[in-house]
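Read the single chain below, which is given as structure tokens and is the form predicted on its own.
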Amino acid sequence: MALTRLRGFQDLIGPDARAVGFVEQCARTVAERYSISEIRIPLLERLELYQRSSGETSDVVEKQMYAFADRDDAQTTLALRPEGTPGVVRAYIDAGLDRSDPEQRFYYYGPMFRRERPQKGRFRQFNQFGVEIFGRADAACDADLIIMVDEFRRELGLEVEFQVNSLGDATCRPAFRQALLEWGRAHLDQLCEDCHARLERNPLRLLDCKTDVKLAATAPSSADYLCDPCRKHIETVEELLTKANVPYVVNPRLVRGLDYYTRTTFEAISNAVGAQSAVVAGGRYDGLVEALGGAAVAGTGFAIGVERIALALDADRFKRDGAPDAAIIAMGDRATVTAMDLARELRTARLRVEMLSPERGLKALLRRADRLGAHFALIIGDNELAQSVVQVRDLRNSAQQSLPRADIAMHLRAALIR
């Protein structure tokens, strides 16, 4: 049997890996600009963590979990993390921060696992960059998160549409839930099989269905059931986004697929990644910390689908970015010693350098340098050693010149700046 990669998983090689790394680094830079600290959480958690947070009727828990028995404790079921928020909340409570110092700001990065049907932009292992803020119940915090995402997407040069909504809170959400329940019962014969199963347990999930999209457009809207504090909250979020010149649309069907959201929810939608168009998603989860055994601390956050955003970026850019500034060709053993010294010198000067094999012919090595996308080929043979020079071939315009060995780093840096 061939040892190929598993269905729904992917290998990120060369430009693809660079694109994902670039998105991660840009997200880190923006998060730290907002005074947000890094947190690192385990890949494995107890299954109950996700059942109590994401909700037993969520697709994550019902269909997508990678779960298995703990060999050390048969009573414990472990799960590969499908998302970051529950693990961050669990770590926050474990550290006692919910009681000793509730206001905290964290970002995380790493792989998540969901057993979904694979397609473009959706894999069973994928990377998320997320931000979680605790101890802030104000609308300004929600707006600041969306403004942060807008700053991030502008630095990437990515066009998105922000969609926002409010799901209400414990005061007004029950009436909205009841209205959806009655609407669902009235349209039962038109609902898909999944919605039949969810209707009585969590009718809000009817709005999140990908099968009954047209039907859901006729469902009750959360905006019609908001209490005065919730209405004021979302109006403040919208006002602050408008003042910050962040364009958005209100989507009353936006409920997200997880049970812990309250009040503000939002998504950033890109048209560049096909059907999996949501590249950033988040919202407020004021009751989650308490539901997982902590104090009654407010929370809000978002997660970025790193591979989805990488898909939306210019792929050729990352092919060029990975190319060496110079490929060094050494013809013979003596030339190899000098070539390696030159490579160390150029790398010290912060240039990207690749040493090519000294066991191949000059024409083959020049073809290799060109295939790598190198800007320059540096050729050293016996004649060059005798004269203390290097043949410098500009592969972009096929020009070649002989330069003193001591001037190579200065020449290349000046040429690359131009």
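Numbers for residues come from their place in the sequence shown, where the first is 1. Since we're looking at a predicted model, the values are computed, not measured.
The protein also exists as the form predicted together with histidyl-adenosine monophosphate (HAM); that form is not presented, and the subsequent description refers to it.
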Would residue 142 count as touching histidyl-adenosine monophosphate (HAM) in the predicted complex under a 4.5 Å heavy atom rule? no
Answer for residue 149 alone: is it within 4.5 Å of histidyl-adenosine monophosphate (HAM) in the predicted complex, judged on heavy atom distances? no
Contact between residue 87 and histidyl-adenosine monophosphate (HAM) in the predicted complex at 4.5 Å, heavy atoms? no
Close approach of residue 278 to histidyl-adenosine monophosphate (HAM) in the predicted complex, 4.5 Å, heavy atom: yes
Could you tell me which stretch in 127-135, 242-250, 331-339, 170-178 has residues with non-hydrogen atoms within 4.5 Å of histidyl-adenosine monophosphate (HAM) in the predicted complex? 127-135
Given that histidyl-adenosine monophosphate (HAM) is left out here, which of 301, 220, 203, 294 has a heavy atom within 4.5 Å of it in the predicted complex? 301
Let me know the one among 116, 286, 238, 345 whose heavy atoms come within 4.5 Å of histidyl-adenosine monophosphate (HAM) in the predicted complex, would you? 116
Can you list, in sequence order, the residues from 144-169 that come within 4.5 Å of histidyl-adenosine monophosphate (HAM) in the predicted complex, counting heavy atoms only? none
